[in-house]
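Shown next as structure tokens: one chain only, the form predicted on its own.
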Amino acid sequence: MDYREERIIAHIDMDAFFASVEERANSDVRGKPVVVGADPKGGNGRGVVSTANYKARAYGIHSAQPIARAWRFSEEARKKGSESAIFLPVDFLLYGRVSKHLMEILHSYSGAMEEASIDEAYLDISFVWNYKKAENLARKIKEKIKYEEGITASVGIGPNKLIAKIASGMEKPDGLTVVLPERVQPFLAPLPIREIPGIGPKTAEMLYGKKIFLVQDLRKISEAELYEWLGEWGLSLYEKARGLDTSPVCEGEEIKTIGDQETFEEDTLSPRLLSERLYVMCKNVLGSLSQGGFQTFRTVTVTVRFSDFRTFTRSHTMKNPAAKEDVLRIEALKLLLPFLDKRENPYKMRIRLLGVRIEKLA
């Protein structure tokens, strides 16, 4: 049957990208449980997990988890007879190089490509006219990625970006899920609400409190009620629950932000230490900028997390694009300094985490 529709969108998402690249690059860790992130320091590390491969995930380890907890899960698995997870540091330069080639591969299949992050992208493949041909094209893309980079990708195909993104996560790793237009409603209905992009822990907790657990539960709530609860986001959520999304695939769109951050071994308010670490992050960020094929940035953002876990971000957008490291250092330092005195830190709270990122890249 020919399911010709106005749009056919594919979302390509690399499987456990950082860990997969590490496995490909290092035969010693290939096929083993791999965790990429901060140094666990025998269970006393203070950073987080960036990525865990699927063997490590079987231990209960996942992205954004405290690295000390990940280490404890690894130890529990070891005591039960499984092999310990291998913990590796993040190598942004390596991942950036691989990502650049992956995006070149994807762009060769469609001129309408939107790079959503370092390891995922949308393709508008409406030119294939029907979903059977779209599925065949997706298989070719997956084979090409596996042949040239030695890693796997999961692909979701649907009538819009929302459905394609949700679909790409349905059969990981190395999955391919096609959602025909007439199947959008039954596809979404039984899914947990957290499957809808944008619903984070806080929103989910609020909805759980109102007995809303599945997308089909969410559809029973009126547009007016969602607006009352969540404002403009509630109106967007009303449409997402019904599989509606008219956002275009933005041709040529690149990574929107590049950043680096560090969780300190001990909370600190030392201006010298903080400025030194900030300068190192700026150097790393500028290195990633050039590796990603960019030349300039306009927005600088600094993130500060205090010892009580309160987290703040401050940003400044410059009138003209900048490219030099000293400009980034100065702008980042100006954003950090108020957190070292009474302007942003009247009670002299120590800082647990510091981060810097750049946006509006060109």
Ligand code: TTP
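Rigid core here is just the name for the largest C-alpha set that superposes within 1.5 Å across the two forms. Computed from a predicted model, the values in this text were never measured in an experiment. Just count from 1 along the sequence shown to find any residue number.
The protein also exists as the form predicted together with thymidine-5'-triphosphate (TTP); that form is not presented, and the subsequent description refers to it.
Trainee: Are any of the heavy atoms in residue 23 no more than 4.5 Å from a heavy atom of thymidine-5'-triphosphate (TTP) in the model of the complex?
Mentor: Flag for residue 23 set to no.
Trainee: Can you check whether residue 119 is within 4.5 Å of thymidine-5'-triphosphate (TTP) in the model of the complex, heavy atom basis?
Mentor: Answer yes; at least one heavy atom of residue 119 falls within 4.5 Å of thymidine-5'-triphosphate (TTP) in the model of the complex.
Trainee: In the model of the complex, is there a heavy atom of thymidine-5'-triphosphate (TTP) that lies within 4.5 Å of any heavy atom of residue 50, even though the partner is absent here?
Mentor: The answer is yes: residue 50 has a heavy atom within 4.5 Å of thymidine-5'-triphosphate (TTP).
Trainee: For residue 57, is any heavy atom within 4.5 Å of thymidine-5'-triphosphate (TTP) in the model of the complex, or not?
Mentor: Residue-level check for residue 57: yes, a contact with thymidine-5'-triphosphate (TTP).
Trainee: So if I measure heavy atom distances to thymidine-5'-triphosphate (TTP) in the model of the complex, which of the stretches 308-316, 323-331, 293-301, 58-66 falls within 4.5 Å?
Mentor: It is the stretch 58-66.
Trainee: Would you mind picking the one in 219, 101, 172, 146 that has a heavy atom within 4.5 Å of thymidine-5'-triphosphate (TTP) in the model of the complex?
Mentor: Going through each option in turn, the one that passes is 172.
Trainee: Establish whether a shift of 2 Å or more occurs at the C-alpha of residue 305 between the shown form and the other one, with the two forms superposed on the rigid core.
Mentor: Yes, its C-alpha moves 2 Å or more.
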